[in-house]
Every structure is written in structure tokens, then in C-alpha cells.
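Given as C-alpha cells, the chain that follows is alone and in the form predicted on its own.
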Amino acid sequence: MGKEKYEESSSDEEVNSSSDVVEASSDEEVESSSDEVEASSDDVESSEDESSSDNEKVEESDSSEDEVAPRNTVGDIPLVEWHKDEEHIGYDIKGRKIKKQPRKDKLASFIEGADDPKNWRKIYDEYNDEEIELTKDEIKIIQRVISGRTPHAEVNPYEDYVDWFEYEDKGHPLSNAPEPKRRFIPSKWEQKRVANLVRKIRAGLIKVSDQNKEEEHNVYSLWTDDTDSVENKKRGGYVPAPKPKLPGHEEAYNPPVEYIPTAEEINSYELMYEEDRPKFIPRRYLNYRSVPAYDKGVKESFDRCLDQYLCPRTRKKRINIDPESLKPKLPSRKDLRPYPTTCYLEYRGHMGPVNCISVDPSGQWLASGSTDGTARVWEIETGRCLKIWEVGEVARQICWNPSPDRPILAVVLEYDVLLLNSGMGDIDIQTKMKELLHISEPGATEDAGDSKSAVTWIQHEKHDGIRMKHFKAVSSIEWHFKGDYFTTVVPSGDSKAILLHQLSKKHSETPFRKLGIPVTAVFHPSKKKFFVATKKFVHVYDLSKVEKIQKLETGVREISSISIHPGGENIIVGSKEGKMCWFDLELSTRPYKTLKVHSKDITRVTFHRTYPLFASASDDCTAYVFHSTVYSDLNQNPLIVPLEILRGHKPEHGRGVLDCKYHPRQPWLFTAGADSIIKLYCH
């Protein structure tokens, strides 16, 4: 009996020690339960069985026969929802209904639980609708699981490792025998077997099935013909037709007022071209039933079908590139100063458009020619007009002699070229000029096989100069850099279109034949080369051999002006479509760069003699200033940077800026406009 009480007290102490783990138990409930255990004889007997079983070794079994099958056999279903309105909760193994137990309210269940000392051991099984009372072993198992130990006290998870291998009289746990040779050479029996199979497959005795091969679908494009079938197979893919525009507010039967055109707008539609006329004119109706049938519905559907059937389409790959990365990295304009930016001075006096201007080599005087029949010389710094020649005709072009010792002006009229003494220089220079511009007898240039002379040299008594009469109209004149030779261009002269003249000998010749229709001609600034520009090409000639050495293809509609870089290896060409082409003679016969800068015809392009600048003038009343650096390293391309757009001239009869020239020493630009004004732009 003492042994039984000792076991009971030990079990009670174990329950009390785990009261902080099990939430449902308390100190008072544990004490009342221990008293109940001592008073009950049934519990004593059960404790004897438990004490006897503790002494024995626990045997575990994995058999499913030890598990008690559930009373309810309905399976894993939501009982509360499915049997909420039923009198039973399921069926037993024999198919009989399991009746629901009468439900107790919460107050009655609380009172009953307070009176029952074993209430803390009970749990409710919702699946079988019954209360289950936990045994002491089950409580112990729960307490051990909660405390993080193994469910059974007899199991030790940290037992000592038992080495099962016997090391005595063992040299090595594995075999030290070397690998046989047959493992390193191919098997001759497998080789014979494979050769036998190959022989049977070739003889047709064994047929290989093609079940694993997928059928190849013949993909073709609906919008191309058979000639592109191979390319279409390589390209693949279907290009869907573009979807038509969805109807908007104007297609509504009762559109807003701002979408309905007035009578004046409808009348203006009739004056438009058919392609510019709106396809649909919105109208307002009171209700949807009043809307008539669309008269163009069938035609538009037919046109849509034609577009889908006949319109070819191609798939283009879109490349995601940052637009900023495509912009060239140009230096700052502040680093490229000086260059002309603002209008500093205006030269007024001409009564008509100023067609041409030219700057003296010393940079002190400016000459101009106009449609009012006069040629003038201006002082650049003050704007004062020093001299006026009444030539009586339209001055098409004017040009200073580049030699400082020969202050001669060449003025191009319609059929004549006047060589005038400007009156600049000291007495010795003026004496030489009078001798140079004096002709004792009229001279004419005779060509073999042609009785008509191309040029006649005549003394001009009125202006004390020389008058060169051409057989047809002259368009331009250019001096050689030494000042003795000059050239004139006669566009309609056929084989006599390009004329070379020598001032000292009063002699003219036509060395070039079969040029087409020339526009202008210039000399190379340092070499014996000659450039002739026709409407689409620029021909380069060697003057010493009188032969063509190069032909430049501009790709423009019609050339209007050309200019040679002071270095002589680069030229710019202006066209009548607003494009400007830069040529590198050592690089290619095609333009290195084409610039679309003006909206109208380019009238003049010019280089600066000392500064890395060039400019272009156009009929859109603007002049563009560019920076141009030509490097001595042939592997480095020229640097072209747009700097400034100069405005200020007013248009007259569709013409704007007619000519532009740079100052020979300063970064100044002169522009001559159709508004009879000459402007000086400085930095």
C-alpha cells in the first residue's frame, strides 16, 4: 500500500511540475485531482497496472491494428457546414446514423465543468461528437512534446555510437586488387552486336520508325509572291494588317456642337483636293432610328479588303537607342570664338538690290555692285562711300584683284567685263595702273576654225579702264591668286564657255572644251589647279597639262556656288535646293558631309582666309556661320560645327541675301541683300 501511495504522489508531483506548460491546468485543479485519485479505488487499481507496466520495457509496434478506427466514416468533410441542418453527424461502419448529442448552452457547460474536478482532462471530438477524457500517460506525452522532449521517456536520442566494424586482423575495409584490363578496352562482343544491327538496318531487315519526328508545317506569307518564298521561310512570322481607326465623337448620331461643321466650312471642303477633303462630315439626328444607312460603307469595306490583300508589309526591327547617344559630341561655341554674331554697321546708298560685294586685300575698302547700274567703293570702318561708277547696266559680279600692288576692280555686266582703276595707292602705283589699263589698239582673240572672236579688248574712255566685250552673256569672274590671270564663265558659250585671260598681255584663250553648261569656275589658292562647276558635277583640271584629273559628284539638283579652302584640299559646294556639300579631295569624289541648312536657294558660300570659318547665304534672308577645322593628320576627319544664324535682311521679290564675303584679316562677315543694304557682322 505504501508503494502505491509513493507512486501516486510521484505522479502528482510530476503533474504539478508541468502546470506552467499545460494551459488548461491550475494548481487547485491538480490538488483536487490528486485527492480524487487517492479516494478512488478504481484509480488505485489502474495505478498498480501502470506501476507494473513502468517496470517492464516498452515495446513499440508499427502495426495499424493498435490504432482505434474512428466511429464516424464520412471522411474529411466540413461537418459544421454540411450537417448543420441535419439530426446526425454521419454514419458508422455499419451504415447507421450517428445522432447528434444534445447541445448545452455555455452557462450550463461552465457550471458543470466547475463542479467536475476532471473537467480539465476532457476534450471535445467534433468529428465523432463525443467528449474524450485524457489518461495520465497521454498527459505525460503531451507535456513532454510541449517541453521539446521525446514523447516516450524510455527513448534516449543521445545514445553512444556503437561502431559495428571489426578492426582486428583487417588490413583495409575495401579490396586493394587492381582494376581488370577489360574495363579499359571496348568490348568486342558489343562491337559485333552493333555491326550486326547496322548490317540489318542497311539491308532493310530492321526499319527505324519515324514516330518521334514532328510534321513540318509549310509556313508562307500571304502578302508576297512565290519569288520571295525562300526568303520568307528564313524570315518566318506573320505580319498582321494594321487596324482601322476606331470611331470617335464625330461619328456619333448626336455629336457635340463643336464637331458639327458650319455651312461655310462645308463649302470650303468642296474647294479642297479630294485627298485633303475629310472622309466623313458629322451630322446630328434626333434619335438612333433616324440615322440612314452609310452610303460609303460598301466602298470602304471593299477598299479595306484591297488594302489587306494587295498592300505588302515588312517587319522592321526596332532598336532601342538613346537619342542623346546619336548626337555628335561637338565643342562648346564659347571655345570656338571669335566669329560674327551681331550686326555692327550698315552701308546704305544703292537704290536697288545689291548683287555682289568684294573686299580689298588690305581689308580697308569694300566694293559693291547693284541692279541700279552703279558700282561703289566703301570705307569699311566708317561706312563712307568713296567712289561711284555709273556703269549703266546691272552689275552681276564684282571682284578685287588679290595683288596689293594692283588695286583693280573687275565688274561683270551682261556681255561686258570692266577692269577699273579704283584710285587707291600712292603715285607710283597709280602710274603703273594707268600703263597696265591702257590699250593702244583694240585686240581680239581668234580661234582656229571660227571667225567669230570670243573676247574683244577695248579701251574704256569714260572710266579710264578696259572693256572686254564677250560674244555672249557672262555669269562670273575670278582672279588668280597672283593677280595677273583671271577667268570668266559664259554658260551658253559651248566650247568657249570657260575663258582664261592674262592682264599684262591683254590676251584670252579657251583651253577647255566639251564642258557642258558651266556655272562658275575658280583657281586653286596655291597650286596649278582649276575647278569648273557645272550643274551637278565639279571638274578639277591640271593647268600645266591642261587635262582633267578629277570629277566630283555632288548629288544635288543644281550647283549655285563653290569655294576652296585656303589649304586647297577641301571645297564646299552650295546648291539651289538649300544643301551644302563638303568635299575632301584626298578622301573621295563623293561628299564627305552634306548639310541641309537653308529652306531656299543658296546664293553664295565662302571660306575665311585665316580663321577656321566658312559661311553660306540664301534667299531665305539668313546667313549661316560655321566653324571648320581641317587637321594635318589625314586619319582625322574635318570638324564642322554650326555656330550662328545671322538675320536682318528683308525679302524683296522672293530674294533674300544675294552675296556674302569675309574680311581678309578679321572674323567679320559682309552680307549683301535684295533690300539694297550691305551689313557688317562682327564678333
Partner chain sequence: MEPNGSGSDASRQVQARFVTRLPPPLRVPPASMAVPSHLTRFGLSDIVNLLLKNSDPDHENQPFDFLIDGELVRMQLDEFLIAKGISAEKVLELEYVKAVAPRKQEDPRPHDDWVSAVDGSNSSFILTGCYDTFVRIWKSGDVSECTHVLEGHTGAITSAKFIDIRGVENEQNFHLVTGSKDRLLRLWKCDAAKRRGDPIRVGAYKILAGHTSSVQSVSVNPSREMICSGSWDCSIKLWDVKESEEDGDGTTISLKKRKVNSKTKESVDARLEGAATSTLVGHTQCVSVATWPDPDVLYSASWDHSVRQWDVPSGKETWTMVCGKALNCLDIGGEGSALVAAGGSDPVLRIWDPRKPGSLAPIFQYSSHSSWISACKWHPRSWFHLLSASYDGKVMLWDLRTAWPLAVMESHQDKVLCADWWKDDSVVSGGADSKLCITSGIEIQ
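Residue numbers count along the first chain shown, from 1. Because the structure is predicted, anything quoted here is derived from the model rather than measured.
Another form, the form predicted together with the partner chain, is not on view; read the next lines as being about it.
Checking Glu435, Glu381, Glu112, Glu547 for any heavy atom within 4.5 Å of the partner chain in the model of the complex turns up a single hit: Glu381.
Shown without its partner, this chain lists Thr374, Thr73, Gln502, Ser362 as candidates; in the model of the complex, only Ser362 has a non-hydrogen atom within 4.5 angstroms of the partner chain. Only one segment in the set 553-561, 426-434, 459-467, 487-495 has residues whose heavy atoms sit within 4.5 Å of the partner chain in the model of the complex; it is 426-434. Proximity of Trp668 to the partner chain in the model of the complex falls within the 4.5 Å heavy atom cutoff. Though the partner is left out of this view, Phe537 does not reach within 4.5 Å of the partner chain in the model of the complex, counting heavy atoms only. At least one heavy atom of Cys682 is located within 4.5 Å of the partner chain in the model of the complex. In the model of the complex, the partner chain lies within 4.5 Å of some heavy atom of Tyr611.
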